[in-house]
Ligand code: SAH
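What follows is one chain in structure tokens, specifically the form predicted alone.
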Amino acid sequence: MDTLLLKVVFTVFWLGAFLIRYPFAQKQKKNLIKSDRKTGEEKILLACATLGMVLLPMLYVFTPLFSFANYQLPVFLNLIGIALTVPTLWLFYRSHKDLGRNWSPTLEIREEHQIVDWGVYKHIRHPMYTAIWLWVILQALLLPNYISGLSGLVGFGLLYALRVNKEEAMMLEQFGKPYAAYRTKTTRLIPFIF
């Protein structure tokens, strides 16, 4: 499939994700933080995810810097990447919308924080992570490049692997039995599986 078309689709997707997150990021700055678990490790992990999902893909899209690392994918895989854009953006939006004031880009508990167990959180504890996993998969399918295409999987994969258990422990510490009960009714990433 034409590389330029794939770059355009990815860029439109990326802009859509930015436009979804931006208003929530602005609103969350007004929330009072009750408990901040942001460590040096957390900052490094966020930087890795940003590098893999923002900086390296945009360098690939707008410069020839990584063209030496291009590879070909079968067209059906490119089409799967294109098909994932709309459901991924929808899930990314819904997970932000349903969390509302409870959303934070880092490990934090807000004043008046509550367990969100409705909307997309009814069956999945971490639908935003699910959306971001879909994002980095479609990035690999739309940007056939060993550096920028796979950098999202590596950057976000590290963040997810080293953060999700800490996040769940923080929620258990904050909410105790109600969060433990919520965990028994939901799956971490994919509804009705695991």
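Note that the structure is predicted; figures quoted are calculated from it, not measured. Residue positions are given as counts along the sequence shown, with the first one as 1.
Beyond the structure shown, there is the form predicted together with the named molecule, which is absent from this document and is the topic of what follows.
- Of the candidate stretches 58 to 66, 24 to 32, 127 to 135, 43 to 51, only 127 to 135 contains residues with a heavy atom within 4.5 Å of the named molecule in the model of the complex.
- By the criterion of a heavy atom within 4.5 Å, L99 is counted among the residues contacting the named molecule in the model of the complex.
- Taking the partner from the other structure, the named molecule in the model of the complex has no heavy atom within 4.5 Å of any heavy atom of W14.
- The closest heavy atom approach of T85 to the named molecule in the model of the complex falls outside 4.5 Å.
- Interface residue remark: V116 is counted as part of the site for the named molecule in the model of the complex, having a heavy atom within 4.5 Å.
- Of the candidates L73, L89, I80, L107, L107 is the one whose heavy atoms come within 4.5 Å of the named molecule in the model of the complex; the others do not.
- Within 4.5 angstroms of the named molecule in the model of the complex, the stretch 139 to 177 places a non-hydrogen atom from each of E167, M170, M171, taken in sequence order.
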